[in-house]
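First, one chain by itself: the form predicted alone, in structure tokens.
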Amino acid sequence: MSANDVLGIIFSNAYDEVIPELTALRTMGSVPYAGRYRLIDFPLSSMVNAGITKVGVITNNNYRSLMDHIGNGKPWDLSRKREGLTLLPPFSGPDSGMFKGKADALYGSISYISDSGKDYVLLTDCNVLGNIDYDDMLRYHIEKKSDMTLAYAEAIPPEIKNSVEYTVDDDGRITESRFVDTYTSSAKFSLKVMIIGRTLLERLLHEANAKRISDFEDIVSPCISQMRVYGYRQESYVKVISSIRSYYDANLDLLDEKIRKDLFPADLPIYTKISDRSPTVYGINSAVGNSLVADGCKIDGEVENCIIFRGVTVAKGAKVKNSIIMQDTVIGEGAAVDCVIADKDVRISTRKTLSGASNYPVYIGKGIVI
């Protein structure tokens, strides 16, 4: 059985509410990350790397920037006459509207799922940062003759709504699931990534719709005692975006070489929309240390422990530390910025000082002038 027998489904709006600052004008999937990527690039690239050629992106609202980013799917080789990438917004009908939950969203796309003809469906959110080998996960699912396989990581769980932890036996079978009630100790917590048989998924969705169930966890939880449900452990780096601080930490984690290698291994590349820009120009008096700087920037000041996106300008005498500076932002002469997340097209004027803390970074919204 090959990954070409799998339909990929990505929830682009799942958990938008945990970082409202960044998702007010965009979906979780289109939140910028790592200087040049969007969060959706990771599940989308992992699917393509596994050989999945049919992917549906379920979206609810604020998806203009997502459409601009994914386009027809060409950067991921999903611009195809058959199969390829499909955007799945809410279906218009007398009883329809905004999706109330994942089960509702999937039921709204059930004809797309049924018509795919695939044997399996892979479901994932966009707020999980990791390079998951879906091909290996599918092999594990088939080997265990599992009805559904749920990916998990073992660490301190993220403080997020409906965060679930599992009890897993020696064979890898999940014997119990429960909502996390403490966030201070390690647990086997769900990454909200699942492989399930298509026909089984269809049956569960029809049953859930008849019972007016909109939360997907209410579908999955009873299956654990009734079916063969296995856990797939993600061993390498994984980060669940659950707050503005976790987003800040996830970016600065990239300054660790081991984490960069986990997220961007040579054999499992992460693809994104191409943006052709000139190389970054460093002024004669500039100083850059322990930072990732994308192309198209002009750096004349000091940058330390930062993630700098494309087209950023750091003027002469400016000092930028421990910050995430997004596309086309301008830091004026003599300005001092520390522990700041600056969204796209921000303007920080000459000699302004902005300072947050590593556990409480300051966020500046898109297009704001300070």
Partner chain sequence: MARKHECIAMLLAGGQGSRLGILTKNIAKPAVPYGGKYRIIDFPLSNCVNSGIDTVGVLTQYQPLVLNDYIGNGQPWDLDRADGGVHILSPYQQISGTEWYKGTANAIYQNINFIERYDPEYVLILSGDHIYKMDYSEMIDYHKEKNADCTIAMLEVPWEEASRFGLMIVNDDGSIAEFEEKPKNPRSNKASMGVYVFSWKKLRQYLIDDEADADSSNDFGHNLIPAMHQNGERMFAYQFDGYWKDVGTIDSLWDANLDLLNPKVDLNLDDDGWKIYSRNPAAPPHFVGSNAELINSMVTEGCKIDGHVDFSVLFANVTVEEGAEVKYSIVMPGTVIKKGATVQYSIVAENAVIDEGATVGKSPETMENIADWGVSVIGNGVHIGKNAVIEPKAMIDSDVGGAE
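Residue numbers count along the first chain shown, from 1. Only a predicted model underlies this, so the values are computations on that prediction, with no experimental measurement involved.
What comes next is about the form predicted together with the partner chain, which does not appear here.
Though the partner chain is absent from this view, in the predicted complex it lies within 4.5 Å of a heavy atom of just one residue from 340, 34, 55, 66, which is 34. This chain is displayed alone, yet in the predicted complex one of 226, 275, 182, 186 has a heavy atom within 4.5 Å of the partner chain; that residue is 275.
You can rule out all but one of 243-251, 261-269, 122-130, 153-161: in the predicted complex, only 261-269 has residues with a heavy atom within 4.5 Å of the partner chain. Contact with the partner chain in the predicted complex, defined as a heavy atom within 4.5 Å, is made by none of 356, 364 and 367. Using a 4.5 angstroms threshold between heavy atoms, residue 194 stays clear of the partner chain in the predicted complex. Taking non-hydrogen atoms only, residue 291 approaches the partner chain to within 4.5 angstroms in the predicted complex.
The partner chain is not drawn, but in the predicted complex it has a heavy atom within 4.5 Å of residue 295. Though the partner is left out of this view, residue 281 does reach within 4.5 Å of the partner chain in the predicted complex, counting heavy atoms only.
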